[in-house]
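A lone chain, given as structure tokens: the form predicted on its own.
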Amino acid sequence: MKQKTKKNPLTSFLLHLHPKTIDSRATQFNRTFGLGGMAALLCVLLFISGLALRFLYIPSIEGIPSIEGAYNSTQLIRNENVLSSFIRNIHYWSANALIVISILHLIRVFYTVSIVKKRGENWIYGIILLFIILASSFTGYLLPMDQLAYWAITITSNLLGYFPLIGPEISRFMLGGTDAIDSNTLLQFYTWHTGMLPLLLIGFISIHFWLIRKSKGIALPINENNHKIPTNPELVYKELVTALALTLSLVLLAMLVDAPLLSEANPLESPNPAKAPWYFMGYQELLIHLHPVFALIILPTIVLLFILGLPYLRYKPINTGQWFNSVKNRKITIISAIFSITLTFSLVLINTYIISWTELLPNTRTIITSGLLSFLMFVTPVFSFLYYLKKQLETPRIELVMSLFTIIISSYFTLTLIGCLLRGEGMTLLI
């Protein structure tokens, strides 16, 4: 009789995520850069460190939630001992890293044309996951209740208040039914951050991985001579090395750089400048130049519909799994990024120092001057650029879509950098 070999539990679990054999090209690091696996690992680190912090973080005084209690608890975590401070640092840096890596993962999926046919559904779930991750980070941002957190959330709620008609109600709902941050806001954010959002994250991650498994792993270009190799150890070892490298990097960062904690939140003392969390700084910068109707409704709606509709556009020819679809499109993508960064930065300078439509047309409604005209200043050059690519370079639809996607991403990236690095007191441009 043959003896049954004992299965390694870790291997058995990993084979639920991967097939037993895979295409040898799937193990190439420069195909995925391990971004999906790193995002999953960061979620695990956040759950573990978050559970540990729940035993330490008590945002109340004598059982009543309060700003002072939340700040004192955070200060105690930071100063009581090295271990509690280390856990807080791991949680903070993992949360920031998760946002960056999740965005890079979505970008990688798009540029490898892994969003068509059966993979289109997973693209939608990926977008939903990104919103959940942003919401988780945002709700956790307030919990220390220092000046940085208090005013960042205040600025963000004010941004939501710019929505026409329903803006004030959205802002009040976010703040827990009040007009300013108080104990109700703290309780609402704490509940969402430690209860509802983690459950949603686990649920959608499970669906995301199941759809990847159903699609037989990552997308690869069609190749009749593909070579199959065993998942364990060929892929498993590389994933473990990547996981160890990421964990070590976070440990070193947590040991060397403390998560920020300023003085206790003071509603009467606003920092100058008061800025939103870094991942919303692009929106804050956009509102300086564009009317709220365009900045918060028209433009985001167009961009969101475009991104959600990407899997359902008809593409031909298409090379699923190949970076940038073709060698020619790689150059077009780089040119598109340079064009977008240059255009966005130039328009910020023009709007700040040269042209003010409101001053030039003082008797015209602001929705026309700072809204429509400013919107057209960006849209007109963009569609002229895309028209040139279509007519002069005979660029196929998939590559035109990639160019537009690149322009949108590069533009928001530029606005974020300007808002974070080049805005001083009174949000004055430091150039």
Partner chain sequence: MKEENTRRRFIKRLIIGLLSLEVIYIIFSLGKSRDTSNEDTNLFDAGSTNEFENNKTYPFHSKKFYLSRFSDGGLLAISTKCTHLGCTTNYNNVTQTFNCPCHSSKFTQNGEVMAPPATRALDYYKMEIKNNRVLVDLSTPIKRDSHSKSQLTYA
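The term rigid core refers to the most C-alpha atoms you can superpose between the two forms while keeping them within 1.5 Å. Positions refer to the first chain, counted from 1. These numbers were taken from a predicted model, which means no experiment stands behind them.
Quick note: we don't show the form predicted in complex with its partner chain, though the next part is all about it.
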| query | finding |
| --- | --- |
| Residue among 309, 300, 230, 177 with a heavy atom within 4.5 Å of its partner chain in the model of the complex | 177 |
| Contact assignment for its partner chain in the model of the complex, among 71, 189, 151, 92, heavy atom within 4.5 Å | 151 |
| Contact check for 184, 268 and 370 against its partner chain in the model of the complex, heavy atom at 4.5 Å | yes |
| Per-stretch contact check against its partner chain in the model of the complex, the hit in 356-364, 333-341, 136-144, 234-242 (non-hydrogen atom, 4.5 angstroms) | 356-364 |
| Close approach of residue 274 to its partner chain in the model of the complex, 4.5 Å, heavy atom | yes |
| Residue contact check: residue 284 to its partner chain in the model of the complex, 4.5 Å heavy atom | yes |
| Residue 88: touches its partner chain in the model of the complex, heavy atom cutoff 4.5 angstroms | no |
| Proximity of residue 173 to its partner chain in the model of the complex, heavy atoms at 4.5 Å | yes |
| In the model of the complex, residues of 149-163 near its partner chain [heavy atom within 4.5 Å] | 151, 154, 155, 158, 159, 162 |
| Residue 168 C-alpha moves between the shown form and the other one by 2 Å or more, core aligned | yes |
| Core-aligned C-alpha movement of residue 179 between the shown form and the other one reaching 2 Å | yes |
